[in-house]
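Below: one protein chain in two forms, given as structure tokens, structure 1 then structure 2.
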Structure 1
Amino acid sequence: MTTDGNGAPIELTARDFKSDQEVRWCPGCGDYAILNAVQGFMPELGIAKEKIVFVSGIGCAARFPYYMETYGMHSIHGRAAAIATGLATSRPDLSVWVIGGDGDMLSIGGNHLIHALRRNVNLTILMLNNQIYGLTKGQYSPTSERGKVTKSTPMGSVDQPFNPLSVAIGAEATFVARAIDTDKKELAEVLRAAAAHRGASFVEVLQNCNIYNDGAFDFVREQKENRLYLRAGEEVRWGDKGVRIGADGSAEVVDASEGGLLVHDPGHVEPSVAFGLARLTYGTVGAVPLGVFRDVRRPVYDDSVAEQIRAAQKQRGEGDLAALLHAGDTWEIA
């Protein structure tokens, strides 16, 4: 239960998380649905607004903190994960969220993202993937498909695109999930699981940019039969098809009637199964896996740093910052 400054219980609603700022995304942008879903979910946290922080980099999605009635920071291009790491480590009492697009997080910010994930910093990271640079008017991004014709690739992109979930799992992320912008119910389910996870939670949200990359995910946003929902403890299947793990460890699609289907276990310690599921795409198997791929426990970076500080203080005392700055080899510039 959320309480006010005097300890009295108060009940927050989605409206309490809407700021007084005018929302300035293009009409029809998928970001609206994601913003509404997040604002609607926030009361479930039971955390006072003053204890919640949204950190973003640069891009369309990076305007998110303006629209949340919480603390927030619209920071530097690609640096949101790094700034959030410092905040979460120094203020473990806060719920820290990172918001960014595929260009911000997987291009200039790729290095910061993978290190936040492998360190397992206590962050909830939402990557809004529209497979394009929308804010700068339509250049190809690190997730754009090969052959993508944009203003910066007039003959078609020759890059092999990132699979965001493969990147996250490869970086040893302890929580990895995927949702769709317009699927509010399932998006809320994923947000619920991500927020409950202690450590770095990475969520890819497939988001439509109706101006520069309209319809990029219609095959799963509009055609629900192409959605493969991952449910813990249930067979991985959709329609008359299912998934088995092959002899080489890869996920393979078979006729569901053959049996022996994979039973989804996001808590499996080995990441290979989650990685195999992340490799399934509409282009290769005709369906897109959604939900929680991986949810495992590992020491949290923030806790380890705090423990180390306590150990240092026990051995050497509280310390003196001024004395530290003037210790060792110093010199004066004449």
Structure 2
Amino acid sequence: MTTDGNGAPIELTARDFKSDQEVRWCPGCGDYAILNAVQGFMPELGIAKEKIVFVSGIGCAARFPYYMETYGMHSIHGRAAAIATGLATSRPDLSVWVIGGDGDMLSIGGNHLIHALRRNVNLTILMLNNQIYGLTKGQYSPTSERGKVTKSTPMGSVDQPFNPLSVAIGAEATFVARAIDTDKKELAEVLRAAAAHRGASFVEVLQNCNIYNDGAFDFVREQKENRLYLRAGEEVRWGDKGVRIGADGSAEVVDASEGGLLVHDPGHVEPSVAFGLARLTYGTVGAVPLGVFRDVRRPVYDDSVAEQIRAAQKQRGEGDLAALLHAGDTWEIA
């Protein structure tokens, strides 16, 4: 919701969030669906569009800010989270979004991502994961599977891939979720929850790169039976299968009929279960958990910074420059 010049509320629509820039992703790219979803649900946020900022690094997904009719900065490779941290910390009144790909955020920007999450800066971070470097034309990324043959790995990648949600949970993220680019309703649902979360929200969006890594997520994008939707308060199950927490603390897949299934609680303070659910993705489970894995409250960095400033001003009054310069031992020369 924003207001006109006379203070009267104006209903915003998705169209209000479309900039005049021509969208230039490859035809068939999953980014289009994500852009549409974001523009579609932005009006629901009830935030004036001038209060919204999209910050990105470099990569295909990082072109996102150009297409949003909000404030935006397309910055440098990997550094969006750091730049957004400075912006959000100095301007707690803004809604700051960070958007990028798996290479941008987990490779060159891995350090900034984990630190933004552990600090719990009030950011909504969307990581579009297509398991490949698109803009640089098809090298393997930190989420590419072992053995991936690409231009830079002609004999197959020997790198162990990151599981983005494990990284986020390991970095003490307070909000962690996953969605699929083409699953419009669920994507909007997850984005809504992420935007509502105060603190750092991390959302992995599984996305297809039809040029360099086509079909990477077909087993879940195309085969809906492999989607495991996590719902708070409900048993974690899909089809005739379910998830139970084993004696060693890991999440294990069992026949749902066996009972004793895990009841999903994203608000659980202890991150182990969310971590176990995140691990399922890369097991031999046959299903990919989707939805909100973790949603807990922890002091928000920007709030704590502002609170210290308020406390200092309450204690000492607002800074007096002349008093500061004259503090300590001084002497007079006549």
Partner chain sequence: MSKPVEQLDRVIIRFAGDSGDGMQLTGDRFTSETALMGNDLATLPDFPAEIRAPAGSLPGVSGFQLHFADHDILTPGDQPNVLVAMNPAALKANLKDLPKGAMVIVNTDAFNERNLQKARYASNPLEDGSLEGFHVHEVALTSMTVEALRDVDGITSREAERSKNFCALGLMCWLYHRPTEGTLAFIEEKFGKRPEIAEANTKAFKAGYNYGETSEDFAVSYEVAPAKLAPGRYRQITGNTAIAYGLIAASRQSKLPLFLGAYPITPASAILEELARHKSFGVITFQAEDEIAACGAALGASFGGALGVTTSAGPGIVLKSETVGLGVMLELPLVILDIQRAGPSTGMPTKPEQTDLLMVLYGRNGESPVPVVAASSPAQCFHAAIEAARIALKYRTPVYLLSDASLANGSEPWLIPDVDSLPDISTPFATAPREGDPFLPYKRDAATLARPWAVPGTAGLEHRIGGLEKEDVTGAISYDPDNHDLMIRLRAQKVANIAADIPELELDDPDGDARTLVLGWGSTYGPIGAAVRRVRRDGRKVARAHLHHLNPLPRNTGDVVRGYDKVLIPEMNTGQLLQLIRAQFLVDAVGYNRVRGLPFRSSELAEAITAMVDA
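Each residue is numbered by where it sits in the sequence of structure 1, with counting from 1. What you see is a predicted model; the values in this text were computed from it and never measured. Take the two forms, find the largest set of C-alpha atoms that superpose within 1.5 Å, and that set is the rigid core.
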Item to check | Form predicted in complex with the partner chain, given as structure number | outcome: 2
Checklist entry - Is the C-alpha displacement of residue 16 equal to or greater than 2 Å between structure 1 and structure 2 once the rigid core has been superposed? => result no
Checklist outcome for this item: Shift of the Cα of residue 322 between structure 1 and structure 2 with the rigid core overlaid, in Å, rounds to 10.8
Next on the checklist: Once both forms are fitted on the core, what is the Cα shift for residue 312 between structure 1 and structure 2 in Å?
Outcome noted: 2.8
